[in-house]
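This document starts with two versions of one protein chain, written out as structure tokens and named structure 1 and structure 2.
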Structure 1
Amino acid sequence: MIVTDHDEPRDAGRIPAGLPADASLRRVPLACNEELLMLIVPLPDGNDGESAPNPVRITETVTAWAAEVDPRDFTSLPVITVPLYGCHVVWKPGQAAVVGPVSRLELLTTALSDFASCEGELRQLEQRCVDLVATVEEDAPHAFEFEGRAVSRRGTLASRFREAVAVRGRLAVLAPAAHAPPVHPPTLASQLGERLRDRTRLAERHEFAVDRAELAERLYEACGQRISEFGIAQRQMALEWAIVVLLVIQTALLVVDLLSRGAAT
């Protein structure tokens, strides 16, 4: 989707004033089921003298545009600005701007959306890890011993185990992208990706998330084992009780029979 109305009031969904007429806004769907609002400001390839737009002013404008707080965004993450070979990339979660020569824009937008997908998914996984870790203390006793009164929590523990495994799996899939080694020879797109990963501490965040997911996975795996052991013990106990009941009834029949013989004689 491209929005080109320059006269609308300034906000995150509109192109800010003072940019070249061919600046455009795109909503780029990301692999993590989010959307990246991307402001693309093409600059002429050559120097057109007086008529050429001022790159410094444009960069300030798009940075200010990205820095505007989206009312839906409560995290207020800082805006990251990456200058790169005469281009400027501004990024924050859900919002980005690319300023540069027309010939490089396609490479930059592709690299930017790749990074945003990776970062968006990691951010979602981090939130899921936080939610999981928040329940660890509450559920830790069940990893040591599972009691009958906790049977009602069985479904909850099972769903948390599935969630931990799912998060762990997604983090494993994400690992190559988060820890991607530098490409040689370097390209514009690869350098943008590296710098953005570096500035957003993507690799470290991924490692922390893996640690949290592992903690939850270990805990809920142990809970699963305890629940399984408890279930097996319950089934065995039920069978034993059933045998005991049968034996008691048989003994009662025997006693009644013996007593009736005694009474008859």
Structure 2
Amino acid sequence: MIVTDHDEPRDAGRIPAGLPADASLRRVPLACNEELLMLIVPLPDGNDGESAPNPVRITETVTAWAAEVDPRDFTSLPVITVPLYGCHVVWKPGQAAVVGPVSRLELLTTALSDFASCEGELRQLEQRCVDLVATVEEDAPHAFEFEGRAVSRRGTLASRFREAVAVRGRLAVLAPAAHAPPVHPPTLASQLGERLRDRTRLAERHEFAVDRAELAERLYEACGQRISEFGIAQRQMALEWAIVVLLVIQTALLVVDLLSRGAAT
């Protein structure tokens, strides 16, 4: 059994019945600030005896376990199953299972954790894009003309622009992982990553998120330009009024001076 600081005891209540005694649960912290609950089921290497566990039954058990409703609020994505050279990987957001020979488990769990981190961050960015696009219709008029009554929204528009830029930046960082080319020669870990990315449409989802982030960024960049132009116009108007006031004062003083001179003569 693979033992880490994040392994849970057998009586944790989450390991389904009918699995080998050395099956374990591992809570894997991901780079996207989520946690992956991973069920690890080791199989003996090359054991064809009658006492060997039934891989088909184990696969059905772990697939049913992964399909259970998770109390955590994740986007409803289907359970993905990947058979791979005598191993079987089951995944959905926040939950996964790895069934295979002991010699291959470390490679599979590492590759699965890397994929889950990438998918988790992309899912978070997708939600942030959805939130940004939801405000586009409301804020679109400010990209054409910014009026004085909208001054109170300046901070909100600036905040949304910063959010759009931040999302674009994170999507750019995530691009190499989402669009990773096939590895030659292929390895067990690389093939698992490729199949998971393909079945979750990771590259297409990344492209859609980039399009949404670009839309929001262009909109709020235009809003920023209108705000800047509005501010410049306001300052120019204030300067013009100041010049007018100074001219009026100067003219009044000149008139008073002329009147005083006329009275003296």
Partner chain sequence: MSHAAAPRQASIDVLRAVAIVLMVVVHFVENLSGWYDGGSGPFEGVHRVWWLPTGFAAPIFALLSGMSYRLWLGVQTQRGLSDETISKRTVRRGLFLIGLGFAFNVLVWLPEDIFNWDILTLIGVGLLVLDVARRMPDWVVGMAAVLIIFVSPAMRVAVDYTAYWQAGYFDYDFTLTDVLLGWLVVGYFPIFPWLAFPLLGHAFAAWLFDGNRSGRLRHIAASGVAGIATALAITATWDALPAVLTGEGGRGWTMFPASTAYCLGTAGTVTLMVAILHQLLDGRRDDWGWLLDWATPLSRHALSMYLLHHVVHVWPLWVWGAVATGETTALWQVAMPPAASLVLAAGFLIGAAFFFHCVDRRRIPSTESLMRWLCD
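Just so we're on the same page, residue numbers count up from 1 along structure 1's sequence. All figures in this text were calculated on a predicted structure; none of them were measured in a lab. Here the rigid core means the biggest group of C-alpha atoms that line up within 1.5 Å when the two forms are laid on top of each other.
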Exercise for the section: When you get a sec, tell me if the form predicted alone is 1 or 2. Expected result: 2
Handout entry: residue 257 C-alpha moves between structure 1 and structure 2 by 2 Å or more, core aligned
Key = yes
Exercise for the section: Using a superposition on the rigid core, decide whether the Cα position of residue 21 changes by 2 angstroms or more between structure 1 and structure 2. Expected result: no
Problem - Per-residue Cα shift, residue 246, between structure 1 and structure 2 [Å; core superposed] - result: 2.5
